[in-house]
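In structure tokens, one chain follows: the form predicted alone.
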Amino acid sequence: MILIQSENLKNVVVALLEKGGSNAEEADTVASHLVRSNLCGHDSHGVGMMPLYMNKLGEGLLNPNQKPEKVKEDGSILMFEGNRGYGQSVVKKAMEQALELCKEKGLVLMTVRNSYHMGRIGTYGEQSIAAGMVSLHFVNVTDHPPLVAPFRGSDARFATNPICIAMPGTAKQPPVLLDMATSRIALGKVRVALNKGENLPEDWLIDHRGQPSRDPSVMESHIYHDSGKENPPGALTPVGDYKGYGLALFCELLGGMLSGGFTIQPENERKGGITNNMLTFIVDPSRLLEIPTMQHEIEAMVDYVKASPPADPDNPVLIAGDPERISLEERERDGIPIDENTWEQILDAGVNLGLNRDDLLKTSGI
């Protein structure tokens, strides 16, 4: 593993993005988002996505310098078109407009359709938290073959369809932020395991015959968007069996259908990109109860949950958002670990754009 300080890693990513055509503002937004994902421990949605992004730029499936195009504003409803722009930038700007409207209305329903990969959805929950709002996000993934098998199924019919719920914190208690895929694991985590040469836990994958597998290579053709890979594609499994399956279906119907970006069902076009559609509810909690009352209840509830004696003394009870905070503290101090295969892929992507490998290494501080 290679350790790179976050600011150095961000500068490498900015160099690639700007060489790929992004203006300075977009490059900073996307790079900051990706590096923060790594800092929070979500390497699956971090800088390891850059080789794929650069590849999709070349295929015309990702368009730099897009802004969210407002297609409808009806009372407290906002609908945006993403035009295959970098989701990290498009959705950030859409969220800014939705949060501003929520201050006026108290409740907003916002959708974004046809955005390229939105990245770590928790980032948009963090935007809500910073504005003092509560938010709920449903996201589906289209434009490429499905990755996740339905409960009792033997082949893929969904993508990893994330859900995020965000609640502001207090002076005593940090925010509560649930950010989860409806599959047992994100595809990016399979990519990380494949690059490290590691097997995955049981029940996370099935092979092309529908049989359980621990080998990440069963997803290799999906990871590299290459149907010519030797292994026929397998599938991820849903989290919580039928429960994750049910949530994944509603991500299609809420995030996909209601946004107007539509679902992964095969009547809808698949060009081979990563298109995300999202439906978001944003609530101003001050319209529902006094903020001091809310803060007391958050603190009391979290204290109550964490007071449960841990089954393993070395692993105390955590709440959603704690693992990211722990990782953030460690990685800001020690640096972000990048496996050698992923790092070489990032360097190669830069060289293919016309950047100098030695300059990238110098920028990274290695």
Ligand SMILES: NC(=O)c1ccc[n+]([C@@H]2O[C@H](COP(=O)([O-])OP(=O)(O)OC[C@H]3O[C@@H](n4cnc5c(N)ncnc54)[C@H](O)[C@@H]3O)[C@@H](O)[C@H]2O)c1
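Heads up: residue numbers just count along the shown sequence, starting at 1. Just so it is clear, the model here is predicted, and its values are computed rather than measured.
Although it is not shown, the form predicted in complex with the named molecule is what the next lines describe.
- Of the candidates Leu177, Val134, Ile264, Leu254, Leu177 is the one whose heavy atoms come within 4.5 Å of the named molecule in the predicted complex; the others do not.
- Listed residues His117, Arg113, His222, Lys92 were compared with the named molecule in the predicted complex; His117 is the one with a heavy atom within 4.5 Å.
- Residues with any non-hydrogen atom within 4.5 angstroms of the named molecule in the predicted complex fall in just one of 283-291, 78-86, 182-190, 105-113: 182-190.
- Contact annotation for Ala98: none of its heavy atoms lies within 4.5 Å of the named molecule in the predicted complex.
- For Asn276, a non-hydrogen atom is located within 4.5 Å of the named molecule in the predicted complex, even though that partner is not displayed.
- Interface membership of Leu328, defined by any non-hydrogen atom within 4.5 Å of the named molecule in the predicted complex, is ruled out.
- Contact check for His42: a non-hydrogen atom falls within 4.5 Å of the named molecule in the predicted complex.
- Residues Arg120, Ile121, Gly122 are the members of 120-139 with a non-hydrogen atom no more than 4.5 angstroms from the named molecule in the predicted complex.
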